[in-house]
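Next up is one chain by itself, shown in structure tokens, the form predicted on its own.
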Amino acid sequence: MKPSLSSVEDALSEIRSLIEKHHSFVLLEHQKPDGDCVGSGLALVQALRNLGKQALLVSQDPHPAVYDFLPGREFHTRAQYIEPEDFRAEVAIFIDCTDPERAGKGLELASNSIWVNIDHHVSNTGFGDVSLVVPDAAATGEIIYKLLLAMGVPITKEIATCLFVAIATDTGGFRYQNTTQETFEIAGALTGYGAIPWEIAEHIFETRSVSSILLLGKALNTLKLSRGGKLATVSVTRDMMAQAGASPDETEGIIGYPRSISGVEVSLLFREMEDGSGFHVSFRSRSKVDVSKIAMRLGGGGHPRAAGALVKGNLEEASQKVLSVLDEFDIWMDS
């Protein structure tokens, strides 16, 4: 359900008040942080530090190397490297998390804190003492931008760069269906604050490691089309990553290739989990299928056109589970 304007304004006001009244903050990213999560988190942690607050950005998993150029990385750490007693935050801000468990090991740092939930996923559970969830936002970065404006915080070139990355990545370079007029207006404003679009695009869309290219080739060799050419699947196993010398974060972007095939409505990427216990399944759709509903049936979540879930079992077992759920939805019929 779309939040009312008044409810969004009330949440913004409550968060602003919390930030004014408190001094220590922990910002928690979701497991396997993506560009929106990383950019939003780095922007907000810098804004809080610029206000003289004690703030730390924490994630269970490392930031993908593609975002190493972003400013503010010195304020980020992994949950494994800090004990709860080492950093006791008055306020815990969950960034881009559909539920608190998405913070993984970082959740331990939120005990005895006031919880703030900032997100744009339609599958968000509405948790927290204050919940600012705007499903119509193209990215959590858009919400952080509005929060900084509401707080009257100066938006530096560094903050603008991080927010631009957040928005650009979650809109697929402003190509996905979630891109709106407001998205362009915010992106334009961020360039006015110093973000340089072509430099950012060069980093996040035009630069790839040799290992990621080798892995892409192996993944495309697994391509399968089914359901009358409307479903495309690819897979990445641990062996494939080892042979390519690639890390798990280098699978980012692979799913865009099967999605780009003419006639494909839904694309799936099965990526084997590091411990071999199952597969992380990424879902993408073009315009007709709400893949967040499918992911939620499998214990995951996300957006109507981009979602994910963890599915236990080997590749064959995981594929059967996912396909059985897909076939329960009448998505292969012509509309």
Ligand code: 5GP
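Each residue number is its position in the shown sequence, starting from 1. Remember, it's a predicted structure, so these values are computed and weren't measured experimentally.
Missing here is the form predicted together with the ligand; even so, the following discussion is about that form.
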Contact label in the model of the complex: Pro64 to the ligand, heavy atom within 4.5 Å:
no
Would you check, heavy atoms only and a 4.5 Å threshold, whether Thr98 touches the ligand in the model of the complex?
yes
Check whether Arg259 has any heavy atom within 4.5 Å of a heavy atom of the ligand in the model of the complex, and answer yes or no.
no
Is Gly278 one of the residues lying within 4.5 Å of the ligand in the model of the complex, judged by heavy atom distances?
no
The one residue among Lys230, His76, His121, Lys218 placing a heavy atom within 4.5 Å of the ligand in the model of the complex is His121
So which of Ala309, Leu70, Leu48, Leu268 reaches within 4.5 angstroms of the ligand in the model of the complex, heavy atom to heavy atom?
Ala309
So which of 98-106, 172-180, 154-162, 239-247 is the stretch with heavy atoms within 4.5 Å of the ligand in the model of the complex?
98-106
